[in-house]
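In structure tokens, one chain follows: the form predicted alone.
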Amino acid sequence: MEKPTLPKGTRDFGPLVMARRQYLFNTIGQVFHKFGFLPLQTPAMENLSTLTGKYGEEGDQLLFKILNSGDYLKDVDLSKLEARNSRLVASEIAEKGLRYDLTVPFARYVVMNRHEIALPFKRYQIQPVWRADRPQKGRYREFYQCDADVVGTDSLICEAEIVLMIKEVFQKLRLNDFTLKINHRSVLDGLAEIVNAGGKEADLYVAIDKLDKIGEEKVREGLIQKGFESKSLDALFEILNTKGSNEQKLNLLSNKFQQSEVGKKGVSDLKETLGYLKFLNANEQHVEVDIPLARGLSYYTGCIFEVKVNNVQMGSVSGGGRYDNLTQAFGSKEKLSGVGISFGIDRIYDCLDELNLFPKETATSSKVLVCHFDEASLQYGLNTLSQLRSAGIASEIYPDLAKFKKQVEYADKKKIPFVIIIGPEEVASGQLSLKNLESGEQSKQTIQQIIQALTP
């Protein structure tokens, strides 16, 4: 018999891991709610017509397609089958696909429910997404995203609030050494003008985005192969390699973009966004204007964000930006600008795990285990259990008659910090033994005293 296995790029999550993941979901969700975002859920699958064309050619290739039900080959042209080319028949045998992210389904929802929602519409979503990517450390084929988007306003206050949300989430998670990188798609468009990209903007942006991964030499080499002139690339890398404060970088860009209206627009938006932080009684700590930041998704049109935890071996853990044209891709005549951020739960989990930052209580299921020695103390323990739960204390009783050692081992394995020990003496006196398994301390108390001691 074949041993059961998991598809590559997917994982099981046991109770301990799920408790920690729930801690992340709750922490991020509370911050979203604090900033006025409401929860939303969309189906795991979407029509392929909804998904394709929104992520660029590279993203489209990573879509998981779902075969049509029934005999999905019966209506396919025989010549297409004989060509043995899956792309020729893909549209005829698969009409649906697993969602690639949460932003495109959100835009689809907005278009379909435009007359029922109030603009600006602020929503958050915490759901799994799927990508047919090559699995590696920190990159999975099935993973959760935590998204918050606001649609229906051009105000850069939204960008500033996203910066504040990111900072608050990482503060609550005690991930204090991180960099929140920010750039603007119009800044990249200004750079494209400097190098006379002329129709090769996408090639330029993809290359620039790899600068921190493969280095200047290889990026330059790749751009020359794409037809860019070496002299113009010298001017480009002079800008990309600029160091200094956010103000110094923006002043340099202002100087370089004197003849570029689109470049000026990007610099102006970045300055305005950072300016709103001051009005919101925040500072630019952790925030870095990163001129090479491009991000891969093609639908960003304004500010773009990316977050990196600095002291771990991990890529970006959060990213997002502004998109102006996404709802129009679904036939909406109304231009609705939106901006959002997505937290990569799996990568954030790995960071907290590596840095040992998960709170101890996330590993705890019940707070108390009621232990017993015989049938009479088991029955007495059931009443004790009822009183504990009525007081709001997470508790359980060992269900079988077993040796006390076995019951304590069960509590240890489940990380239950306290046990209540009930035997004939405790039943007769009403004075129960409460033991702290971590410190070893043990005392005799009434159930009312125990409840008072264990209530936060």
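Being a predicted model, the structure only gives us computed values, none of them experimental. One-based numbering along the sequence shown. Whichever C-alpha set is largest while still superposing within 1.5 Å between the two forms counts as the rigid core.
Omitted here: the form predicted together with the RNA. The next part is about that form.
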Inset, instruction - With heavy atoms only and a cut-off of 4.5 Å, decide whether D400 touches the RNA in the predicted complex. - result: no
Inset, instruction - Give a yes or no for D12: in the predicted complex, does one of its heavy atoms lie within 4.5 Å of a heavy atom belonging to the RNA? - result: no
Legend entry - Contact of P424 with the RNA in the predicted complex (heavy atom, 4.5 Å): yes
Inset, instruction - Using the partner position in the predicted complex, report whether H286 sits within 4.5 Å of the RNA, counting heavy atoms only. - result: no
Inset, instruction - Could you tell me which stretch in 63 to 71, 389 to 397, 411 to 419, 23 to 31 has residues with non-hydrogen atoms within 4.5 Å of the RNA in the predicted complex? - result: 411 to 419
Legend entry - Residue (of K278, R134, K231, R174) lying close to the RNA in the predicted complex, criterion heavy atoms within 4.5 Å: R134
Legend entry - Heavy atom within 4.5 Å of the RNA in the predicted complex - residue from Y109, F121, Y349, F143: F143
Legend entry - Every residue of F37, T327 and E375 near the RNA in the predicted complex, heavy atom within 4.5 Å: no
Inset, instruction - Taking the RNA as it sits in the predicted complex, which residues of 171 to 209 have a non-hydrogen atom within 4.5 Å of it? Please list them. - result: V206
Legend entry - Rigid core superposition, S342 Cα moves 2 angstroms or more between the shown form and the other one: no
Inset, instruction - Align on the rigid core first; then say whether the Cα of I422 has moved by at least 2 Å between the shown form and the other one. - result: yes
Inset, instruction - Take the rigid core as the frame of reference and indicate whether the C-alpha of L434 shifts by 2 Å or more between the shown form and the other one. - result: yes
